[in-house]
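Take a look at this single chain, the form predicted on its own, given in structure tokens.
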């Protein structure tokens, strides 16, 4: 898909148009310069209540030889960059369904946002909203059609110059999310831990960051017994990816460390899951995919940050040599863990990753994981759960989440929750007492984060979408990539 930026009157153009309409009976303020026939046609639709302007509502309007896609953006006072992103995704998908190969659209006025930011949001929404995972199936002629060209029409030359920068940034971010989505959507025989490590190494070579991969032998030398324990039931060797990027002027600074759970398939191990929808457990590496995507985008954007990305990757299967409930392992760093439930494996592999992170003497840590079904119960599919050992650092992450549109809701992590993960035979156990499962999982990880400012993001409810909505497509969402890049961009230390 090619994006270009132009100036002039959007509604005087000949290609199909995408016009944003605010909710209400009247045309939005930005429609003042539209050519009279389009103004009248849209006003008539609104008066007849055939179109209302609700967020993500669409209407395909033929007007002579011109085609117009109307896209609702909700109430004009509620217009945000994420609503622009959502509307761009929905409208572009409608254009694709209509068979249009090119469209033109304007830059909506978002309060407090620049033309660069609006253009970036439009590009992200357009690319992500038209995303399709088609690598493994035969396409029909209709499915082969693509939206090939999008023109963003800016009101002035100054705005056009800013929009071009936004287009470049938006493409970098969207392509990183698409890469993450592709990894999440691949079945586990097409994305093994080894294949995931190969993706990381290829990206490092292409985009300019370091990537070291530790095989099981190296993991054993390091003392990553929690990761190795989870991997015992699988024939696929576990992989531990350690990536590092040093941006301009950041070499001497303590790094920001991102950690992502990379379970490429999770059967639950000996504590096996129900068979219904187990095929979806290929998405249990979504946190790892988010970290890989963020590393790629940060390097492409050349952000002035010292960044480390750590991804422990393995399968969790019930083979004859699989880890058993009641086993005790010693994690990197020395703490012993009683494995009560082998299906609570994500926190085990992250325990070793957090132990390894201490080698960098990090300034701050963020981990992402599809960790608990309890988070889906608590928060649904609308936001991720956030827990932290450091309120100021948690506030920074929440701010980045809000800016990126990848929302997070904080849950408490009081000392009382740690009592639930104390073990009678080891330092800690990997599940709590059956209550507050999302929080007790974080309380377990907190024991391995130590005193370093740390945030845990449980993305179990948002890493997979059951239906298309806005710029999200059914399947892997790639969530976390844009949040992490925003955090790296705005990191205050």
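Remember, predicted model here, so these are calculated numbers, not experimental data. Residue numbers count along the first chain shown, from 1.
There is another form of this protein, the form predicted together with a small molecule, and it is not shown here; the text below is about that form.
Student: In the predicted complex, does each of 284, 343 and 373 have a heavy atom within 4.5 Å of the small molecule?
Tutor: All of them do, each having a heavy atom within 4.5 Å of the partner.
Student: Using a 4.5 Å heavy atom cut-off, indicate which stretch of 203-211, 359-367, 217-225, 273-281 touches the small molecule in the predicted complex.
Tutor: Comparing against the small molecule in the predicted complex, the contact stretch is 273-281.
Student: Select from the listed residues 449, 443, 431, 70 the one whose heavy atoms reach within 4.5 Å of the small molecule in the predicted complex.
Tutor: Selected residue: 431.
Student: Would you please decide whether residue 266 lies within 4.5 angstroms of the small molecule in the predicted complex, comparing each non-hydrogen atom pair?
Tutor: Yes.
Student: Given that the small molecule is not shown alongside this chain, does residue 296 nevertheless sit within 4.5 Å of it in the predicted complex, heavy atom to heavy atom?
Tutor: Residue-level check for residue 296: no, no contact with the small molecule.
Student: Flag residue 85 as yes or no: does it have a non-hydrogen atom within 4.5 angstroms of any non-hydrogen atom of the small molecule in the predicted complex?
Tutor: Output for residue 85 is no: heavy atoms all beyond 4.5 Å of the small molecule.
Student: Check residue 457 for me: does it contact the small molecule in the predicted complex (non-hydrogen atoms, 4.5 angstroms)?
Tutor: Contact check for residue 457: no, nothing within 4.5 Å of the small molecule in the predicted complex.
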